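To begin, one chain is listed below as structure tokens, in the form predicted on its own.
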């Protein structure tokens, strides 16, 4: 009976999204651009839920329990996605753009890493867990990634951290005062915009040494993504898996173990969880297909940003002063959640357009005309459908400490995503696969923050157990 009920729910949600897509298309063909985001989000949600893909889980499992399954799956996805990114770049069908490189990326990753462990889910993980009925993840996403992030980019609470040099640099940019009201504005215009933007294939060294399209495959794919990912797989095997594998191997093998056995051990580690590894491969492929489709849409409609289509449809009020909205062109989390939070705050009378983040860069469209936000909704709905089909949906209200961890972790994720202009997906996964070394800076900070978060939880649990035993 319960299984039948779950199937009905899955059909209802899928059918509703199909109906919504048809209504959009009937309203205006330009909404095909938005519909594509809906269904790629839906696909991501199904894959994330089925493969249990979560960067917080990967870090927690590795550091707390020595289980590398999820970390391995993420690296496999990264390797496959980097190849597809290189193919797309070589055919001029990529929407990827690198980010400013600097120490701010490392620091932001550190903050985000602590937050994702506290809340029990990264940015993408929190969304798919909402689809499973996880109330803690809802708290983290809504009050942290949505409301907290929107407030963070529009307040002057952090002016005491702004060096005079940043203030002078920001003023020199000549931006109108109407969009320069926050500490984050000073940080962006006075520091981030002055940092170098790196993509290995676009460096002079790569241009000189690598002819034609080979620079995308050698510099972006091989040097920036595949080799580092392969080295990390080797490190994970050597630190967490080799001893146990070799011990078992020695019992079944005549003679000494050697290099071939280590290769077998690495392969065994990669294939230990076929469900996660296969999903890693498929996620990499779908993420590449997403880029291809969005680039095709841009070519078809003759635009570089969905804001141009909104203007054509008479919704220019949704866009920034540059006529744009947040439209990454690929898988991305957090910026659209910030937009949703800002939209809600505006309904309560808070002017959220007087800053660079919304007023200049991303605009503030109504949720039903926000393509990237629909992608996030799609992730939730896709995860909901997959959880229902797998009989894994369970509504769980957060209680006690979980409320605190959800709120605090979500706020740290929201704050940690803004300085680096992205999260575990946009600032790490996408950038590394696209040849941007700043992705590894963010990833290093994120893993370091996750390590600290795991250590904190271990301390907290031991302290709590000691008190309970003392009371007993």
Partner chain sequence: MAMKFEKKGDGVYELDVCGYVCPHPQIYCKKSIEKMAEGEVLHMIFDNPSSGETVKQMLDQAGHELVEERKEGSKLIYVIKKG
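Positions refer to the first chain, counted from 1. Just so it is clear, the model here is predicted, and its values are computed rather than measured. Take the two forms, superpose them, and find the largest set of C-alpha atoms that agree within 1.5 Å; that set is the rigid core.
Beyond what is shown, the protein has a form predicted in complex with its partner chain; the following relates to that form.
- Residues of just one listed stretch (414-422, 58-66, 429-437, 443-451) have heavy atoms within 4.5 Å of its partner chain in the predicted complex: 58-66.
- Although the partner is absent from this view, residue 273 contacts its partner chain in the predicted complex, with a non-hydrogen atom inside 4.5 angstroms.
- Put simply, residue 92 is far from its partner chain in the predicted complex: not one heavy atom of it is within 4.5 Å.
- In the predicted complex, no heavy atom of residue 8 sits within 4.5 Å of its partner chain.
- Within 4.5 Å of any heavy atom of its partner chain in the predicted complex lies no heavy atom of residue 370.
- Residues 26, 33 and 193 are none of them found to lie within 4.5 Å of its partner chain in the predicted complex, as judged by heavy atom distances.
- This chain lacks the partner; the member of 305, 136, 224, 320 within 4.5 angstroms of its partner chain in the predicted complex by a non-hydrogen atom is 136.
- For the options 173, 312, 248, 165, the residue carrying a heavy atom within 4.5 angstroms of its partner chain in the predicted complex is 248.
- Contact annotation for 395-418: residues with any non-hydrogen atom within 4.5 angstroms of its partner chain in the predicted complex are 396, 399, 401, 402, 405, listed in sequence order.
- In a rigid-core overlay of the protein, residue 464 has its C-alpha displaced by at least 2 Å between the shown form and the other one.
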